[in-house]
Ligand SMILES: Nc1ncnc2c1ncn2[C@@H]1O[C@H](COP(=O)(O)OP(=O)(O)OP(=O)(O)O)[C@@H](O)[C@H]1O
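Below, in structure tokens: the form predicted on its own, a single chain.
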Amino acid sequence: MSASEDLEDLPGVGPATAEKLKENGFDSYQGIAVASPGELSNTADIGESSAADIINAARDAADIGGFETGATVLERREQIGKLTWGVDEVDDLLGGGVETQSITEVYGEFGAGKSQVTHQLAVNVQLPAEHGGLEGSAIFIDSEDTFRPERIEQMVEGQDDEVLEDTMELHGVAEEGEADATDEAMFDALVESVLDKIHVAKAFNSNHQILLAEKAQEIASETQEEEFPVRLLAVDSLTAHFRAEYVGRGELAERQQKLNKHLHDLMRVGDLNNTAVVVTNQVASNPDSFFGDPTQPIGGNILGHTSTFRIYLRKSKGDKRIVKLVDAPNLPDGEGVMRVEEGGLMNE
């Protein structure tokens, strides 16, 4: 938060209220401006009427909430980063890579490679910009005990020598022009640096997962002025806990309501911090489908409407995977092929 953004300058915000807001990730005018009165009321223990006044004041101070020209929108979109998938066909499919300020959903059956994607992106986000990285760090919310630091090491090792050497310089492991991809000590130092820039938290249930998303906003906000700001938030998997805890049609409405709130918390992290949000999702078989692929992603319309990009991963022969872009606001549907190897995601 900049020095000019003192929360106590907002009407109705005293020292105690300001402290509660900051503790819960509302540490900027913009963060408060995009909150709902109910959300702020619960966070700061104030009435909804007071919360609405605070939000309106923050909107005025942050100068958001009004209309703007298409030219202004285009200018803002130029700030959006593109994170390489590491596979040429898939990057082309996504118009250059995974977008920041967007939610990208990756769904598929068990063993399709969803967790491989989140691990690879957690490595790629730390690469230099000239190699498709965002020179940032990652947050990894793990709901299925999938995160493996050993896999990160393999994926770092799977990078080309030139990429490794430039990344060593970026991470301060070697001086400019002195990086050596074959130097074991340098490589070990790079792996340690990469792992150090992935904030991992294991979600034990859906309520804990929702809390972790709120904590992620706090971490992302704190790092924006640092050398490696948070540029990736990965959730693997988004729906596992919700699916296990809310069983049957009687609990469907509550599940969707909580999932909706969770998705909007994730979206806020992306919007406020120029961060790419990547979530994995499970699938279920649709018994009414007589033609084509019967698998459908969990989460229903709420997830379908909230995800900016939807990607379907499908097993193919051997280590090959079909990557299908199912939905995107500005890109045509299409397919690409990648291989999942020990060194990570590779071109066919």
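Bear in mind the structure is a predicted one, so any value in this text is a computation, not a measurement. In this text, residue numbers run from 1 along the sequence as written.
There is also a form predicted in complex with the named molecule; it is not shown, and the following applies to it.
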| property | result |
| --- | --- |
| Non-hydrogen atom contact R151 with the named molecule in the model of the complex at 4.5 angstroms | yes |
| Exercise: E109 in contact with the named molecule in the model of the complex, heavy atom 4.5 Å | yes |
| Non-hydrogen atom contact Q116 with the named molecule in the model of the complex at 4.5 angstroms | yes |
| Touches the named molecule in the model of the complex: E341 (any heavy atom, 4.5 Å) | yes |
| Of E222, D265, E169, E144, the one that lies within 4.5 Å of the named molecule in the model of the complex (heavy atoms) | E144 |
| Partner-proximal stretch of 132 to 140, 214 to 222, 81 to 89, 151 to 159 relative to the named molecule in the model of the complex, 4.5 angstroms, heavy atom | 151 to 159 |
